[in-house]
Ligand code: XIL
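Form predicted alone, single chain, as structure tokens, below.
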């Protein structure tokens, strides 16, 4: 069944009006001592609806792209903090925390870096300088950082990258040593900041999550300065092993690590008219509900973050070439969807509820 205008209106009215008027994700999360967050972009802040929804619903934001190398480093000698600073100012003005993303990644790097034919010693110097300059610039403003992003392959092996082995910063062939070095530099730059490893496709129990767990256990045992792990949670095909997610969160928390859900979205198949089925919206809501509940059932799961909050600015459409979309809790005109109500209901139930 396609969602006609009438059916969509009925679904929207039912879910928005269920429960108490006036409650927001932010209000319920703060009552329960958890951070509810989203990745944010600067240009849409000029839209009143975008800015108002962001400030009303979330108590933390993470710049989606503005703190990545490609945005901050137009050339080797220059740091351009203007876009990221504007997002931080918005957060401060609205009493939101800021989570930084990301200091080290094999992608989204500027051409001058990727095509510069730097030696390992030069790359080591550049990365150390970058981590230090960026973290010192935001010291006292950004309380937590994704220090390293997506450094492992699906099978759990180390991913080839400019920082590891192309040519790397001096630790090629030494497993996760380059990741460890980035965390040590980050701790030196801002000892008060919380430091996270952020990864995709390792949310439930599989070879990759086993490799993440083994690496973080090793880091903790050897005193590498790491505080937490980010589980991205880009969920395709309306499939999520929520029991496996809960078990994975539990074992990571048992290491003494904070767990953050960092990039949650649940994409839906679109027909030729960019419409979705009503039953898919409801299934999407149940996946959101189960993931939020898995987080709330662990005292070490301290943040739930979506990768954007409105379908208007989701990456899913372009990434899937228009075959998937509507992955977020708010639609393109900022109406809340069944997924929003599911998240709100779980936050309202709080950490004490067990399932």
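Owing to the predicted nature of the structure, the values given are computational and were not obtained by experimental measurement. Positions refer to the first chain, counted from 1.
The form predicted together with the named molecule exists for this protein as well; it is not shown, and the discussion that follows is about that form.
Whether residue 149 contacts the named molecule in the predicted complex should be assessed with a 4.5 Å heavy atom distance threshold; does it?
Looking in the predicted complex, residue contacts with the named molecule include residue 149, since a heavy atom lies within 4.5 Å.
Can you work out whether residue 69 and the named molecule are in contact in the predicted complex, taking contact to mean some heavy atom pair no more than 4.5 Å apart?
Residue 69 lies outside the contact set for the named molecule.
Is residue 32 a contact residue for the named molecule in the predicted complex, using a 4.5 Å heavy atom cut-off?
Because no heavy atom of residue 32 falls inside 4.5 Å of the named molecule in the predicted complex, the answer is no.
So in the predicted complex, does residue 73 come within 4.5 Å of the named molecule, heavy atom to heavy atom?
Answer no; every heavy atom of residue 73 is more than 4.5 Å from the named molecule in the predicted complex.
Report whether all of 198, 234 and 307 sit within 4.5 Å of the named molecule in the predicted complex, measuring from non-hydrogen atoms.
The answer is yes: all three residues contact the partner (heavy atom, 4.5 Å cut-off).
So the named molecule isn't shown here. In the predicted complex, which residue out of 190, 180, 280, 263 has a non-hydrogen atom within 4.5 Å of it?
Selected option: 263.
Would you mind picking the one in 185, 105, 204, 164 that has a heavy atom within 4.5 Å of the named molecule in the predicted complex?
Only one option qualifies, and that one is 105.
Among 292 to 300, 24 to 32, 53 to 61, 307 to 315, which stretch has residues whose heavy atoms lie within 4.5 Å of the named molecule in the predicted complex?
Of the stretches listed, the one contacting the partner is 307 to 315.
Need the contact residues for 41 to 65: heavy atom within 4.5 Å of the named molecule in the predicted complex, sequence order, or none if there are none.
In sequence order, 41, 64, 65 come within 4.5 Å of the partner.
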